[in-house]
Structure formats: C-alpha cells, structure tokens
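Okay, here we've got a single chain as structure tokens, the form predicted on its own, with questions on binding and movement later.
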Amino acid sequence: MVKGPESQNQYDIIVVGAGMVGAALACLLAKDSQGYASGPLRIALVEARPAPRFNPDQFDPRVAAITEKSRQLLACCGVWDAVASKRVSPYQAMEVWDAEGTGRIQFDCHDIHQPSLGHIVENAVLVESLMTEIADLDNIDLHCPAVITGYETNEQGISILLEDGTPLSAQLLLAADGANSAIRKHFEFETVEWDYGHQAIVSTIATERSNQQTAWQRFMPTGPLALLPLNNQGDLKRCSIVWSQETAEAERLINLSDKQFCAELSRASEHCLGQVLEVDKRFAIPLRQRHAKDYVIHRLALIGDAAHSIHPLAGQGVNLGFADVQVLAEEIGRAVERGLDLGDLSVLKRYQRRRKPENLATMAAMEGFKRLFAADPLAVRLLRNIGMSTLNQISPVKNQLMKAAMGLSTN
C-alpha cells in the first residue's frame, strides 16, 4: 500500500520476531495482501538473530507437533511442500498412560479416517522454509540480524530504531518476539504468570525398537515424559524427547553421562521402545506459564508466546500461535477492505476478542491436566485411572477429542 521512493523505511506493518510464528505471520500477510484492490501491504520483518539452518545429518532438538489445522495454514503460506521435502515426521497414533496405575488411552488416526494425527517438524526445517519463501516475496523486507534500541508512537503511526541507526515506521507493530518479549516489557503489558519450578529436558534419542510413528507420553507425579517420533528416510528408531522434571532433578539428569542418562530415560519410559541407545546434546528449558491481560494497545499487538506461553505437556503452544496468525491476518484483511487504520484499537481488539477465550481455555486445560497427574492421594489416582480406561473404551468421544486436537470440524 505504501508508495514512492520517499517511503523507503515506511511500511504498513512491522513484524518483530522471525521464529515459526512471526515468520508465518509476515508470510501470510504478504501473500494475502497481493490480492487487495489497494495493493499489497509493505511489511518489515525484524529479527535479532540469524535464522537456524536445516542440517540433514542432524536433528534439531527443538521440534513442534503440528496439527492438521496448522499444517493447512503453512500450506497457505506456500511452505508445506518445502518442509515435507526436507524432513517431516507424521505420526499416526498416540499412547498416553499413567505411571501411577493402569490407566491408558490409545488414539489412532485410522479411527477418524485421517492419514495422520499430526506432524513432528523441526524448528530449523520450518523456519528455513519460511525464510526461503519470504526471500521471494517483493513486499517483505527482512532486517536480520537487527536489534531494536528505541520506540516512538504518535497518531500517525509507530516507529522503531535499529541498533545500526536505521529508523522504520508503520501503522502497526506486531510483536512475535517470544516468551521473554522485549516489546511486551517495554510497553508494560500486564501479565499473569507463575514459575512451575520445572525444566523441560529436550534432546534427540536413538532407541532399540521402532517408534512405530507413534507419540508416546507417560504422566508421572514429577512431570510428563513425551517421546515424539522422528522419521529420517524410513529410519524410525529416533525420537525427540520432552521430559519435564523439577529443576534440581532436571539439572542432575542433564549432568549425567550419556550412558547414565540413557539408562534413566529407558526406565522412565518403561522401555516402551526398548533400550534408549544414544542421546544427543541435552538442553533444559525453564517452564513458566504466562498470559498477557491484554494482547493489544493502540498500534501494537502481541502474538504467539509473546502473548501467552503454556506448559508443553500437550505440545499446543505453537499451534495456539498459528491460530493467532490466522485470526490476526483475517482481521487485518478486513480492516484493509474497509479502509481502516491498521493500528486502530478497534481493529486490534477484534483479534483479541476472538483469540483470548480459546487461549485461556487451552491454558486452563493444560494446567488442569498437570495438576491432575501430579496429585498423589490414592482416591485421585484411582479415579484418574478409571477415567482414562473408561474413555479409552468410548470410541465416539475419543474420536471427537482427536478431531478437536487436530483442529478439524467435530460435526
């Protein structure tokens, strides 16, 4: 929409943060706007660190469990085929069980006539694919690496100053700069948050037996353990792990030798894939729940982890972020059609009204699951196991749960 050489550093929208969510948002906005009667939006994408690079010889320890709804969004961004051509790991089943009893639930994609329940995708694969697509879009300018040193807002727009002295201005600033968002802190958004006192250990492992294209999750009082199946040209003996433990125990596990860690993980997983034979470098991520009371102010919106971060036990964090992307792009498109100022608070509040209830509901559900499986009283454990076993026998309800988790219509 912005025209003329005099507006070289003037944009319609500035997106800060080129991780999975921020890059997808910039890409979708740029593509959608190419069909606008008023012309495509001009977008600046600002990222402080160089993008991760996909290494075909090594798995990225950071992965996302992409739902079908999120996969469709990535297809709209024009990147899903590129992701699939690099490396993607569909999973067809899920096994969930209680370490403190006999409760177990099995989910299978064939029960709802789907080819998979979702896809495990490495962060580096997805971000590299998005950045490649962005490089081919004429209406996106990438500023990377670029650190923001100042902000200024007025009635006409919002401006940022980069560390190299470059000023950028736009009608709207979108913050996708992660859970520790510098923009959220600078503009003093109020948050509700608490520390779990846990860390998530993430790594890639090799196992004795095939992962069977199944996601495995064992709930223990100390925290959940997830083994997410990876597929490298038909090799199904690798998994990405997310193991939530109290901080002191996580630090102990991180400092074990590889052999000792594999032995501990084999026991913790109840040898569901036989012995754990190898483990790559381990990382520990502190777990904290956080939700901004408001996602928007005049000319600024938070998106993804900048607005809300949740416990990783169900792998829903990035999918909530992609749902934010879908809704925010729709509301921006609506504003363009009506000739509205993109940074107007009334436009941004529509995004907040549509996304906040779902994000809060998901966060509450994840917190409820965590507390339920951390509860130790015998009566609670008994009811928990009976409930899981009963649900496993009620196919219609279980099938509806699968569809809802995938973002599919449950009608």
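These figures come from a predicted structure and were not determined experimentally. When you see a residue number, it is the position in the sequence shown, counting from 1.
Not on display, but discussed next: the form predicted in complex with a small molecule.
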Q) Judged by heavy atoms and a 4.5 Å cut-off, are 12, 40 and 343 together in contact with the small molecule in the predicted bound form? A) no
Q. Ok, 49, 349, 69, 53: which has a heavy atom sitting within 4.5 Å of the small molecule in the predicted bound form?
A. 49
Q.
Using a 4.5 Å heavy atom cut-off, which residue among 202, 329, 272, 137 comes into contact with the small molecule in the predicted bound form?
A. 202
Q) Would residue 94 show up as a contact with the small molecule in the predicted bound form if we use heavy atoms at 4.5 Å? A) no
(Q) I'd like to check something about residue 316: if you look in the predicted bound form, is any of its heavy atoms closer than or equal to 4.5 Å to a heavy atom of the small molecule? (A) yes
Q) Wondering, does residue 333 line up within 4.5 Å of the small molecule in the predicted bound form on heavy atoms? A) no
Q) Going by a heavy atom distance of 4.5 Å, is residue 285 a contact of the small molecule in the predicted bound form? A) yes
Q. Of these, 128 to 136, 231 to 239, 178 to 186, 105 to 113, which stretch puts a heavy atom within 4.5 angstroms of the small molecule in the predicted bound form?
A. 178 to 186
